[in-house]
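Just the one chain here, laid out as structure tokens, in the form predicted alone.
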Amino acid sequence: MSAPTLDALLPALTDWLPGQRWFAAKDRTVSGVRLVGQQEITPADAVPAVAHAVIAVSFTDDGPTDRFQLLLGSRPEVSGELEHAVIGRVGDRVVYDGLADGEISRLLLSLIVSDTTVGSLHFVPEPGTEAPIVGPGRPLLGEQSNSSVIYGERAIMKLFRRATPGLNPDLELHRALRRENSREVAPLLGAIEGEIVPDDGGAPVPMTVAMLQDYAANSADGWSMALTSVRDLLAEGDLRPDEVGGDFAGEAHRLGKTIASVHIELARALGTERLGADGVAAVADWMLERLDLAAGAVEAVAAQREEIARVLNGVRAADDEGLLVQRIHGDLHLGQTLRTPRGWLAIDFEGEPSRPLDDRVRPDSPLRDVAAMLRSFDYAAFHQLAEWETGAEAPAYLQRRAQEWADRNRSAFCDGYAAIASTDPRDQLAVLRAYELDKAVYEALYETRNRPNWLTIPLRSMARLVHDTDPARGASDH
């Protein structure tokens, strides 16, 4: 697919992009698409032909453009499972999302295994590893921000849909954890690395295209397991959470130990530092900026703005000894964990994809990850009740039972974390509460914009974090 061919595809992409699950600007109207990078992986007349493309998407609101990566396939005709992936016809070729084509995914794997360079693309095996040479990959359904293919239940390759200059944190941190022989992540096998022209039009800089790692077969994600446990509890008449067959507290404890181990390994691999008073003040100021942004859109946040600010300023309690910071996960929740037959794994270290790369790689307190997981337990507990009949509130007894589940599992997670880490996260209660409330404020803004009927979940937590001064409950509800 030569440059003229890709340029001719742009009108079809304008219509195709908003319907993709990974397209991160569904609340904006696309006004145009332009090609800003391309690399043919096979000859343009091959069957299938394969090309990597970077496109810049502009919007009718005149806001900032977004850049996305595509792996494009083309054939004279397509049929069967490729029909749903068609983008458009250009000349005598049908162009489609190449990750849907098993022949293309098999080619990509073989290029990584053979350590091949094609133009600006480098297909790189991880030193000392042997990627499995298996058949074609099959697309993994249900992803949101990226796209993946699975190779015979043995390996998984993830294409990072956002085209971002620099080393993707997911690849960077997996490489760091591999150096520590971490058992808390799936082993890294390789990557596809390319380059991109910066927004300012300067010289091309490195960019991560995709990464390949072991596939965690026979696993279940933490979110699904937690929801099952909550449903079991709510379906019971009068049993306590620890009396229900689906009690999750043991898993929450083991998960806490896993996350603590990840933090220790990242600290060893990439170092730590202590922020002094100025650095801590910068963290607090950033939280207050997020608060003001949310207050401008969420009435319930605006009504409590001063009380919330008081708790957020609790992060300044770290002033005396400084705030210990390091590289962290950055977007941790139950859905970013997998329970395998051998234990828990943490996945997806990319951070919040919508945030600039500089923000995502900036060292932060491990308490941000802990607080994010505590928020995730709240979400799991009250998710089902948030979907209650429109206009009605779930019965009080179900709300009490959901809170019991959240309290038990938040406490178990912190207990597990403390068993591995040198300190208990609840020992820094004011700082932990600040991080958790900051996350809840962010969630309130997100839910207002995307899932209004879930807004009650962060608002309930905000009320607790603002008004509950009992240190026995505190940020960890234990």
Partner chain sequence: MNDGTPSAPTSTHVAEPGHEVVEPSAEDFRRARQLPVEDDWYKRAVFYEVLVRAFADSNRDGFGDLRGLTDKLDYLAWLGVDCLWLPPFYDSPLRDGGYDIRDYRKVLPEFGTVEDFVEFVDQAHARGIRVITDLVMNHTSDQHVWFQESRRDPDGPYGDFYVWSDDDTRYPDARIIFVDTEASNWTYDYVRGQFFWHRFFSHQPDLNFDNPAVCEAMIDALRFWLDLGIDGFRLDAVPYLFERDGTNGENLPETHAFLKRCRKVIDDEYPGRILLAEANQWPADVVEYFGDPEAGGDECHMAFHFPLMPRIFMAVRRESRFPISEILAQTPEIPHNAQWGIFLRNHDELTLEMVTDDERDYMYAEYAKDPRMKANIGIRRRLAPLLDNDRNQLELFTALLLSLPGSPVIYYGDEIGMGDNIWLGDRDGVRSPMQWTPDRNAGFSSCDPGRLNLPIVMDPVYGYQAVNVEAQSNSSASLLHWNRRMIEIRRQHPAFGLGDFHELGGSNSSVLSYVRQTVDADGHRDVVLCVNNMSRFPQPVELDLIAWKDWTLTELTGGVPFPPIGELPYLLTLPGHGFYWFSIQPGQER
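Keep in mind it's a predicted model, so treat the numbers as computed, not measured. Numbering follows the first chain given and starts at 1.
Absent from the display: the form predicted together with its partner chain. The rest refers to it.
Novice: Only one of these stretches, 358-366, 134-142, 297-305, 199-207, has heavy atoms within 4.5 Å of its partner chain in the model of the complex; which one is it?
Specialist: Selected stretch: 134-142.
Novice: Closest heavy atom of Arg339 to its partner chain in the model of the complex, within 4.5 Å or not?
Specialist: Close contact exists here: in the model of the complex, Arg339 approaches its partner chain to within 4.5 Å, heavy atoms only.
Novice: Can you tell me if Glu193 lies within 4.5 angstroms of its partner chain in the model of the complex, counting non-hydrogen atoms only?
Specialist: Glu193: no, not in contact with its partner chain in the model of the complex.
Novice: Although the partner isn't part of this model, could you tell me whether Ser219 comes within 4.5 Å of its partner chain in the model of the complex, counting any heavy atom of the residue?
Specialist: Yes, Ser219 is a contact residue.
Novice: So in the model of the complex, does any heavy atom of Ser110 sit within 4.5 Å of its partner chain?
Specialist: No, Ser110 is distant from the partner.
Novice: Looking at Asp247, Glu180, Glu172, Asp214 here, can you tell me which has any non-hydrogen atom within 4.5 angstroms of its partner chain in the model of the complex?
Specialist: Selected option: Asp247.
Novice: Of these, Met225, Ala309, Ala163, Ile347, which has a heavy atom no more than 4.5 Å from its partner chain in the model of the complex?
Specialist: Checked against the cut-off, the match is Met225.
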